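The chain that follows stands alone, in the form predicted alone, written as structure tokens.
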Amino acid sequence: MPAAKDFLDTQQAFRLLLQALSHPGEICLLSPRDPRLGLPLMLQTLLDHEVSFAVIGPERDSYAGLVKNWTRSRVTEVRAADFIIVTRGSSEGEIEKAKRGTLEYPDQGATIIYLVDSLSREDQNGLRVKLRGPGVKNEIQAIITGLAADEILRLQEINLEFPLGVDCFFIDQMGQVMGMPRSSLPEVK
């Protein structure tokens, strides 16, 4: 049984993740105590024994074992997964197989979690992504280091038939997270 402190951490993380999705492009810190706990906290908040996940990337098997241990979720193939974890910033086109929901149940689309090197607003050598849409006043720019530019193009294509599509989170090595719901209009600058 989780300790009360763990329960409070996941409650706080859940609120932050909702905030990240409702304010696309906003960067939130998931675990100020210890940035290394960001990913486990995020996964323990979103996944449980009732959902499935898939991992895309060269460390697929080791990540799948960790996620299964942290969350008690079940591993499945990409096309059936409720959550898809992309470990190296590029799915090599695999996210095109992701569930997109139905017109009756658009919320049944997958959620994609990208593990990236860093998230920032400052000028650095990352991918500049401009977001527009609900939850964004005018537009907002984020710099994502460790994400392939073609992933944004794939996400644009997947989310073309809104309300069908996928929601995304980007989490970096410092435990910072940024949300991008299916309603966002991303562009690579």
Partner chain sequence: MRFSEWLHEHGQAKKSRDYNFAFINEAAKREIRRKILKAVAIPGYQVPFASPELPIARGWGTGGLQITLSLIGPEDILKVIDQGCDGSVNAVNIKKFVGQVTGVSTTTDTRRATIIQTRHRIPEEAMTRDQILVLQVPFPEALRTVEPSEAETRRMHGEADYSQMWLYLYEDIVKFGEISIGARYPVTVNGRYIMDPSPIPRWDLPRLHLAETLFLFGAGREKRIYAIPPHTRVEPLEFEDVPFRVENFRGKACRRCGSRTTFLDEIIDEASGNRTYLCSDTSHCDKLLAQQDEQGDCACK
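Residue numbers count along the first chain shown, from 1. A quick note: this is a predicted structure, and the numbers were derived from the prediction, not measured.
Just so it is clear, the following notes concern the form predicted in complex with its partner chain, a form of the same protein that is not shown.
Novice: For the three residues 46, 51 and 83, which mark the spot I'm curious about, does each lie within 4.5 Å of its partner chain in the predicted bound form through at least one heavy atom?
Specialist: Checking in the predicted bound form: 46, 51 and 83 are all within 4.5 Å of its partner chain.
Novice: Choose from 141 to 149, 30 to 38, 157 to 165, 61 to 69 the stretch whose residues reach within 4.5 Å of its partner chain in the predicted bound form, heavy atoms counted.
Specialist: Answer to the contact question: 157 to 165.
Novice: When the contact criterion is heavy atoms within 4.5 Å, does residue 89 count as touching its partner chain in the predicted bound form?
Specialist: So residue 89 does not count as contacting its partner chain.
Novice: Is there any non-hydrogen atom of residue 107 lying within 4.5 Å of its partner chain in the predicted bound form?
Specialist: Yes.
Novice: Would you classify residue 25 as touching its partner chain in the predicted bound form, given a 4.5 Å non-hydrogen atom cut-off?
Specialist: No.
Novice: Using a 4.5 angstroms cut-off on non-hydrogen atoms, would residue 173 count as touching its partner chain in the predicted bound form?
Specialist: Judged by the heavy-atom cut-off of 4.5 Å, residue 173 is well away from its partner chain in the predicted bound form.
Novice: Scan 13 to 39 and write down, in order along the chain, each residue with a heavy atom lying within 4.5 Å of its partner chain in the predicted bound form.
Specialist: In sequence order, 14, 15, 17, 18, 19, 21, 22, 23, 26 come within 4.5 Å of the partner.
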